[in-house]
Each structure stands twice: as structure tokens, then as C-alpha cells.
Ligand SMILES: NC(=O)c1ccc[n+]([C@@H]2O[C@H](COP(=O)([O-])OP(=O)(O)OC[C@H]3O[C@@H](n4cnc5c(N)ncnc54)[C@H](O)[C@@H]3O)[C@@H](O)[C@H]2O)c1
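Take a look at this one chain, the form predicted alone, written out in C-alpha cells.
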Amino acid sequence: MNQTSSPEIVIGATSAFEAFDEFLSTHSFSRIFIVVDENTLRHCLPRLMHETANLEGAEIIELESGEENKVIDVCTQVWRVLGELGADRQSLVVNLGGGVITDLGGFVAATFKRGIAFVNVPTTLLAMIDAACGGKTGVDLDHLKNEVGVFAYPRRVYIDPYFLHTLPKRELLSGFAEACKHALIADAAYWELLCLTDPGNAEHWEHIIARSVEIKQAITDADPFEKDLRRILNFGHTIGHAFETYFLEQSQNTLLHGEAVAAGMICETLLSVKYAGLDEEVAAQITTQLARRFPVVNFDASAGERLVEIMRHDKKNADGKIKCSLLAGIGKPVAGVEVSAGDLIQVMNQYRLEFVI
């Protein structure tokens, strides 16, 4: 049965798996299935199994990594495997991986036999502070991000910061973009800390994970089904998701989620000056910080109309009107702001001219 409230989240290099083992010892799951990709199978599963004795005998389901595999056809394969291996409504799915695994694995569990229990063990910074928490699950459809999915909370989330040592810097930066988003929408002091933080140095990760999880959980607890407040978490995502989809369509080098969102935050910060009254000096400080930390997204000058067309499919929109979550100030978000197509194209061109060319 699907959990309908925010789960307990345990963070710690040893405490997370101690808590997971205790959770397993106090619940009588008929079968346990661990969903992995080729990377987490190699780099993360051995540690999880060694630290969590009650996972002995679990079945391993391996998927191919990459956003291009977060599709319904892969879900169908996993549903069939679960059926063939005798999964029932008393079974548990453990999602060991980044955002693709937690999104897809959560969706699979939430819909198999109308819902079986699942636990998230995120292994990327992005998943630890964003994808694994908040109760959103789903898959892409025709390259549109998370077009099919359900709200379903994991029973627990266990976060081991040690897994960050297995990641390349590019993946760390991708997750760091979501931390920046949390700071910009909720906590000016946190933003100042992140401005002084080297994303390549893992010294502060546990604090960063804890603060970002705290911010996201407070927002999702207040608005679990994205009716109002939760929409502020979409800052940077209306344009960012369009960049992701566009690059998937063009079969270019796929953008990581955080790379696309960082570019989206720059563009939506520029929009915030006109639409939310953001001070121009504050906007310049935000865009400068983001631009110097994240790789630029280089897209063709003729892409504007297609990018806007993609944005019209965004789940936050209604009647074809494009809405963004913007900033009136750092820690002062404004959700659901209707933005014109012309202004969207203008800020994307401004981004190209100032930060790409």
C-alpha cells in the first residue's frame, strides 16, 4: 500500500544503514527487490549489502542508467520481472540510485498491484536532496519530463553521504544546482554559505544535504500534492526542463538535470526583475554566481520557439499559459507567475548573448 505522508529521512554514513537494518528487522516483508543501474550495482550495492544484514536474499533488478531509460517501456519490463519473481503486496522495493532510479522505481512500486512499499536509498547528490524526497514518482513521455507519474511517498529514505565519493564532479555539480535552488527560494543565509562552498570538496555535504532536505520536506509537508506552496520548488524548472527535453530531442550531448536547472535559474532570475520586482543588483549577483559555477547550455539561436512550445506542456500550466516560479528576493519566492512567450524567448536570448557567446 502506498504511503501518503512524508517519510522518515535518516542521514549519516553509518546511522542510515543501521536504521535501515532495524526497519527491516521490524517489518515482515514477503520479498525484497533492489533496483539498481550498472553504476550503483558496482559502486554502491556492495556497501549497502555489507551494512544491511537483513537484505540478504534480496533479488537484484538491474536497469540501464540514463534519462533516456526513464520511460514506460522500462517500467513494463520491471513489472513483468516482479511478477515472475513472485512479488506480492507485502513485498518491498528498494531503489538504490540517482533520480532516474528513484523516480522510476517509486512509480513501479506505487502502481504494481495498486501499490507496494518502497524505500529510497539515493546515491547522487541530486537524488539525496531532491528526487528521493517529496513523494513524486514518474517517467518521461516523448522526451517530456515526468509527464506520467503519481504522488507516492517511500516508507523511508536512507542517505549515506559516503556514496558521494563515487561520483564525478559533474554529477556533484548537478546536485549542487538543486541546493542553490533551495537556498534561493527559502534561506538567504544558506545561499551565502553555498556561494562560499567548493562543490568539489565534500567536507560540507552532510550539512548541505540536511539543510536542503529540511527545506524541501517543510514545503512538501505543507503542500503534498502541489496545489499551491509546493510550486515554489519549480524555480528554474520551467525553462530548465525545456532545455532538457530539447537536448533529448536533438540527440545532442544530454544535459544533466542540474545543468539544465542552473541555466533555467539564470533565465528565470532575469525574468524575476520584470515580473516579480527582483532588485537588479541582487539578480546580477545570483546570475553571476550561477554562471561561474555551472557549465553553460549552448543552444541554437533558432531554438526559442521550440523551447516555448515545450514549456506549454509543463504540468504547472493551464489553458496554454506558461507559468514560472520566480523570486521577489532571495528567500522570497513567487509561484505561478504567468510569463509571455516573447519574454521567455528574450531572456533565453539574453542568456545566450551574456553567458554562452
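All values derive from a computational prediction rather than experimental measurement. A residue's number is simply how far along the shown sequence it sits, counting from 1.
The form predicted together with the ligand is left out here; the points below concern that form.
Participant: Could you spot which one of Arg156, Arg211, Lys136, Arg231 gets a heavy atom to within 4.5 Å of the ligand in the predicted complex?
Facilitator: Checking each option against the ligand in the predicted complex, the one that comes within 4.5 Å is Lys136.
Participant: Quick one: from Ile219, Ile286, Ala131, Ala186, grab the residue that has a heavy atom within 4.5 Å of the ligand in the predicted complex.
Facilitator: It is Ala131.
Participant: Heavy atoms within 4.5 Å of the ligand in the predicted complex: which of the stretches 188-196, 93-101, 74-82, 270-278 has them?
Facilitator: Of the stretches listed, the one contacting the partner is 93-101.
Participant: Heavy atom to heavy atom, is Glu171 within 4.5 Å of the ligand in the predicted complex?
Facilitator: Within the cut-off, so yes.
Participant: So, Ala127 and the ligand: in the predicted complex, are they within 4.5 Å at any heavy atom pair?
Facilitator: Result yes; Ala127 sits at the interface with the ligand in the predicted complex.
Participant: Does any part of Phe163 reach within 4.5 Å of the ligand in the predicted complex? Heavy atoms only, please.
Facilitator: Yes, contact at 4.5 Å.
Participant: Taking the ligand as it sits in the predicted complex, is Leu144 near enough to touch it, meaning that at least one heavy atom pair lies within 4.5 angstroms?
Facilitator: No, Leu144 is distant from the partner.
Participant: At 4.5 Å, heavy atom to heavy atom, what parts of 37-57 sit next to the ligand in the predicted complex? List them in sequence order, or say none.
Facilitator: Read in sequence order, the residues that approach the ligand (within 4.5 Å, in the predicted complex) are Asp37, Asn39, Thr40, His43, Cys44.
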